[in-house]
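Take a look at this single chain in structure tokens; it is the form predicted alone.
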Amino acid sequence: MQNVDTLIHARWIIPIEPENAVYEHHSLVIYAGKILDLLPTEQAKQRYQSDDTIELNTHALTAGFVNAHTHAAMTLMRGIADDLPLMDWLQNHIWPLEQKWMDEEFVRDGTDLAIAEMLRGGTTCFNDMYFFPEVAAKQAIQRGIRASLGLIVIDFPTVWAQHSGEYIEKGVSLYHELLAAELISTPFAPHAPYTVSDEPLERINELAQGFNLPVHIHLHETAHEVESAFAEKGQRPMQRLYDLGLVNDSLIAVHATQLNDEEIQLLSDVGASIVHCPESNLKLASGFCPVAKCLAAGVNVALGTDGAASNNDLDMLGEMRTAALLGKAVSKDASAIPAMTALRMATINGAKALGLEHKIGSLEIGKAADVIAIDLSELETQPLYCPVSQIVYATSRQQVSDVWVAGQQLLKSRQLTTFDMDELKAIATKWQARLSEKTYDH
């Protein structure tokens, strides 16, 4: 009998790889933060023993969700300016609030609130784009979650940096500081083509290639963005990025609601990734990402929630369901985006977009033990014929019972292990009072 750190006996294990596999009455063996074995429970009981043995007889284990596009600190602005078009929402509400309130405390508290919410919904890795990424890194490390923290770049000044050169300089410094942080990665994150000029984009591409980092950018988010760019520069934003060398296998293109067939094929040809944010796009009426077309062309499509200020939650189970249903409606094909495809978009596809597929995104021997348990015994998920369909189409995030990141249990029977819930709620109340100094009637 081999002693191991954690032994989990589950009713089902959905490993993601191989695709469409569902193992019944299997066990997951965790040792030194990684998956040591995955095997039938009767065999596991004969081979392994652990002081931390967990029986999950009504649960499905699967890979932790990868939320591939967030603005975590903006959770403090959840619901503050709802039901508005994107540019009105940004220019007249969100940006003025950020100008007044955004600082290290804001990012610390907002990121904590986001991490807690994400863990309770089964997210074990998030890809963030926001200011003060060094503060977000500190909170992610403290709370034990895996995070891809964008080295943000924009042309205009904020409290974090004054110009694109300073953003890049601070980003490069942070990249070097965090190289030894096992749970942290740092893609470059130029905000959008309309907020970053050519010279810094060229510099970002040069650095990203040199450091082997992804480039995470809002791209073709709205028709207005594309039309304005064409009117101003005579080319669509993606063509401009292509001319600057940024359309390659390091590109993480967020939203991508305005893609023509040639652009879809280009993304496929170069091995770029798209992050689909269906609920945020719906709420802001930004348009529909042609997900079925992209997948059919071989584009890697991941899922993200966007920020809670425009979603209004960080619920990847809800995002999967919306993505699957919306994909069917947009393509006029009920067989488009089946349940397993949606689950893969939320796991291995997100890991691939972030360049982390060798570490996370599936339950495979040797990968990090980023694992979630979902209790499928609730009335709302009965009767049960297919656990994958049930997870995507019928399960709520309240059924996520347990979460591990790199083998550390961060959610245990619905209780967070690295947070004080009363303290979190008090922080949210504090910020509600501050941000409500200017109220909105929307």
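All residue numbers refer to positions in the sequence shown, first residue = 1. Bear in mind that the values here come from a model prediction, so they are computed numbers and not experimental data.
Keep in mind that the form predicted in complex with another copy of the chain is missing from the display, and what follows is about it.
Student: Which among 278-286, 190-198, 154-162, 230-238 is in contact with another copy of the chain in the predicted bound form, heavy atoms within 4.5 angstroms?
Tutor: This holds for exactly one stretch, 278-286.
Student: Using a 4.5 Å heavy atom cut-off, state whether T186 contacts another copy of the chain in the predicted bound form.
Tutor: Residue-level check for T186: no, no contact with another copy of the chain.
Student: Indicate whether another copy of the chain has at least one heavy atom within 4.5 Å of a heavy atom of P96 in the predicted bound form.
Tutor: No, P96 sits far enough from another copy of the chain in the predicted bound form that none of its heavy atoms falls within 4.5 Å.
Student: Does at least one non-hydrogen atom of K332 fall within 4.5 angstroms of another copy of the chain in the predicted bound form?
Tutor: Within the cut-off, so yes.
Student: Does another copy of the chain come within 4.5 Å of any heavy atom of V22 in the predicted bound form?
Tutor: Outside the cut-off, so no.
Student: Just give me the single entry in K352, R321, R143, K367 that has a non-hydrogen atom within 4.5 angstroms of another copy of the chain in the predicted bound form.
Tutor: The residue from K352, R321, R143, K367 that makes the contact is R321.
Student: So another copy of the chain isn't shown here. In the predicted bound form, which residue out of A137, L295, L113, I264 has a non-hydrogen atom within 4.5 Å of it?
Tutor: Checking each option against another copy of the chain in the predicted bound form, the one that comes within 4.5 Å is L113.
Student: Quick one: name the residues from 297-321 with any non-hydrogen atom within 4.5 angstroms of another copy of the chain in the predicted bound form.
Tutor: Read in sequence order, the residues that approach another copy of the chain (within 4.5 Å, in the predicted bound form) are N311, N312, D313, R321.
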